[in-house]
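Below: one protein chain in two forms, given as structure tokens, structure 1 then structure 2.
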Structure 1
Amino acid sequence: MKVKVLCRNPDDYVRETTRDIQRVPRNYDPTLHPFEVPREYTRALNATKLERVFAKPFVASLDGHRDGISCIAKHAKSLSTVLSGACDGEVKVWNLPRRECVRTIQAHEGFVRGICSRFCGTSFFTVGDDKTIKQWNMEPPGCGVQEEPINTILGKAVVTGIDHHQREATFATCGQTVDIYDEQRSSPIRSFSWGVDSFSCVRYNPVETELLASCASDRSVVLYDMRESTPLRKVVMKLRSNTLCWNPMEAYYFTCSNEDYNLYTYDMRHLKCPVTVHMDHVSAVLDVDYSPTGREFVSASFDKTIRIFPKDKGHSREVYHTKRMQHVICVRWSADNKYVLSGSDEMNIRLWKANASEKLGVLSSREKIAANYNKKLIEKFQHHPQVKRIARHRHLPRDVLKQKKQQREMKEAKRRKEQNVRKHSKPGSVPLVPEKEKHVVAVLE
């Protein structure tokens, strides 16, 4: 029988007198350096500084439109192809690696309100102010052949949004009602309405493909199931939501962009209060799109900036802006999780890096190891005051900074007023409402 005994000799760690210096145990293993933590902290600080030095997110500008960009769509199968629609009814197909327009279509009279690719990538759909839904071939016509749509559906009212099913030959449009179309039929196979005069956005759930959600003009977000004849439920908010996007990895979560400068992430099973309120914009948020990993999303705002938010954090990790970029109308995250596309009022589509300091091109093995090591060091020391301060700092346009300061003062004044009212009222008569519950008016089944 083998017995292991722990032996501690007091002579190794107890001082003989109080004037003696403290005996510090030392590990003689050469791989463990006595100053390992200070050395790693210095490296983490340098890595954080270098990350901010090399943060150059702007990649390219795609210009060619003659009016403001109203919508952008990704190709369902190809990373290098992007579709864009403008306010003059023009649709362009872009090749991203060559950064050039490969095809131009005069699709509609008036605004192009929505554009989406078929799930197989062979064709795409557009809707516009001329009350038509048009299906176009993804491949350009032969030389000398006039550009004609494959199919045209004339609606009864203006269609404001469109989205295609992930696996089936059906698509959803929104206008005065939310309509479900079969590609082989010219009339909707199902229509949903809930006492609302118009809808601004409709999106299919990429995971639970029978579910849809739409943003309505009565400040509500409405959920639908294609297998049901009536809408499932709706949540009414204090201000109107412009667009929404489903999380591609978590089936029941979606994020909507709101007119009150915030974004709200909801769990569709519990709509009484949002899971997270994302606050950083200083003007109405006009569009939102998730990354393919479902961990982050990008938002476009009227304040001429785009921001990248972690899905579970209340504040953005990144903000992009340029002097020339005006109100950002639409935004998309590329399917390879590396780039962000934004379309704005001044007729430009801009390509940004999703990770601002990431090095483009082929990396050697040593570069990959160094990048991963620096990333881990920054994660390890991310809560240290110096590292945190450098990593969080962003240069903002003067107008945005001024508006942010004004909003902070207004919120502080409002909070002070509530505290004073509560202090001088009967105990319990003025309840303390959490921030998440302030923005939801009602949930209707």
Structure 2
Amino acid sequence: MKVKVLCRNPDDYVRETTRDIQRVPRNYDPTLHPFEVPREYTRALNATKLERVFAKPFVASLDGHRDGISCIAKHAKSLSTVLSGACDGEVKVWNLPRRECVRTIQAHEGFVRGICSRFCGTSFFTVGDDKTIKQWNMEPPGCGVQEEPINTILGKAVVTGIDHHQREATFATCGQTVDIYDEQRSSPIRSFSWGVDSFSCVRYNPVETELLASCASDRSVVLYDMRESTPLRKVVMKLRSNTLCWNPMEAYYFTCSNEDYNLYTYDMRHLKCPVTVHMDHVSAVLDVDYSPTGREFVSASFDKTIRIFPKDKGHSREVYHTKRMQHVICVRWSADNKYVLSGSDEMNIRLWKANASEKLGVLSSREKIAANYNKKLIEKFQHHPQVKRIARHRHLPRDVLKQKKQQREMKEAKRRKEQNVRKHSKPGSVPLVPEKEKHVVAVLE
């Protein structure tokens, strides 16, 4: 005989622990839960407010350098290690969780211009104003042993930047030319130049690893392929680009930080105009770094602020500043997408949260659910004026605010003037040029 028995899943009515709240069977009949939109709206508003309340992005400041920080590098394999070079030729290795300097090397005479870690994390390279490229062991030497580089390459001219290949034992430097070095040789295996100019930054593409890009002082960004004997293409803009960074998840996008207060994201296949112009800074942008997820990037500016931009938005979603932070020279996004490091003129490295209101540490599952729900609510009601107002509000230093206002006025005046000119001239003679196309002067083949 077949006996049918009622059986229930204990997961439905037994709580996980005795500390957990009792499971209550729910009735989802919509008539029992009216006013869903107003209630959710209130929740969204509260979530937005709380997000702003908990937005405390500053985590730590690492002090110890005796001059302005000129460059920062992430360790390739360890999240807790960070390298920094200062304007007095000193290189420091930091331990982030302990927030202390582990090792100090007097690497160069004059500026340390660039620093990069080898892909395996066993050694790192520095370049300085003394025309040398030095390779250092990541492990500190034994007690009482002099700090000495593994390898030193004497260059002919000052080297201003360095970047290491993602998987091979080659690295690229820039100075008067862009040189590709093999780690085993003292002279470059390849040297690219295109006209007489000096370069300020060279970066390998982390995805399509044979590609490179560099910023030159003739206001151009030049693309290279390591396998070719000539550069690929050159795009000249109205003002000079300081640094650039490739998107680590999307092989053909890179973003360069420009002297004209803007950042430009380019598709390397279509250099005629940038994909996006990111505007918000009020002074020259000095450095840029992508988040490892490739969704956002952080930029450091001469206006003493750091801004975080979504990769496809024209305006920043976040701005970080402190009273004591001076011109920010270099900035890096940590490899686990949680932190941002900034090095500034006043000899400090600052550690920020990438997501200002995120709770650090382990989250319980209920906390996680609540956080997700709140995030979703804010996203859902983001267009409502009250929510938008609260979510967008940021406190800015007075001079930044003033400058911003001033620039807005200037822009408006320019726009108005153009409009008037257009109005009073023959139709079609003053074409409407979109913002994107205004900044590229030429693309050279």
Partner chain sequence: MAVSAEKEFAMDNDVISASEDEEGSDDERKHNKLLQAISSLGGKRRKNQTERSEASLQVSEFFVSAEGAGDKVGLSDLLGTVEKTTGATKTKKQLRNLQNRNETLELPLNKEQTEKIQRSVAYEKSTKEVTNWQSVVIQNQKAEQLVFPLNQEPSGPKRVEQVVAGWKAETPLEQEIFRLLHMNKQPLHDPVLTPVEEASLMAMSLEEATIRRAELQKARALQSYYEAKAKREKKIKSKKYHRIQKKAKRKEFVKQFEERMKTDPTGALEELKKMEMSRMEERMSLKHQNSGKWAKSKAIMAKYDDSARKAMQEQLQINKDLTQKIATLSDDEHETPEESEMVPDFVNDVEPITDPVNPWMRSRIPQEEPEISCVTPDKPQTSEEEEERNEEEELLADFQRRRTLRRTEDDDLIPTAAEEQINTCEVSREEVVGDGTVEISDSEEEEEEDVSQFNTLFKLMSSEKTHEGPAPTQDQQEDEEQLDEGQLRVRSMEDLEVLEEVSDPRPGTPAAPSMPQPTASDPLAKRSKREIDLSEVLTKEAKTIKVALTPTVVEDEEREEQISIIKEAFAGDDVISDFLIDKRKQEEAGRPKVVDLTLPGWGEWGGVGVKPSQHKRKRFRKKMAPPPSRQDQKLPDVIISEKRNSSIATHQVSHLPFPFQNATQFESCIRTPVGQTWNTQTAVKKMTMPKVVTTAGAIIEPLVKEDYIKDKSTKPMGKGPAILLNDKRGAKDGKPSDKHKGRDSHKRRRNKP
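The term rigid core refers to the most C-alpha atoms you can superpose between the two forms while keeping them within 1.5 Å. All residue numbers here follow the sequence of structure 1, with the first residue given the number 1. Nothing here was measured: the structure is a model prediction, and the numbers come from that model.
Note on provenance: structure 2 matches the form predicted together with its partner chain.
With the core held fixed between the two structures, residue 14 has its Cα displaced by at least 2 Å.
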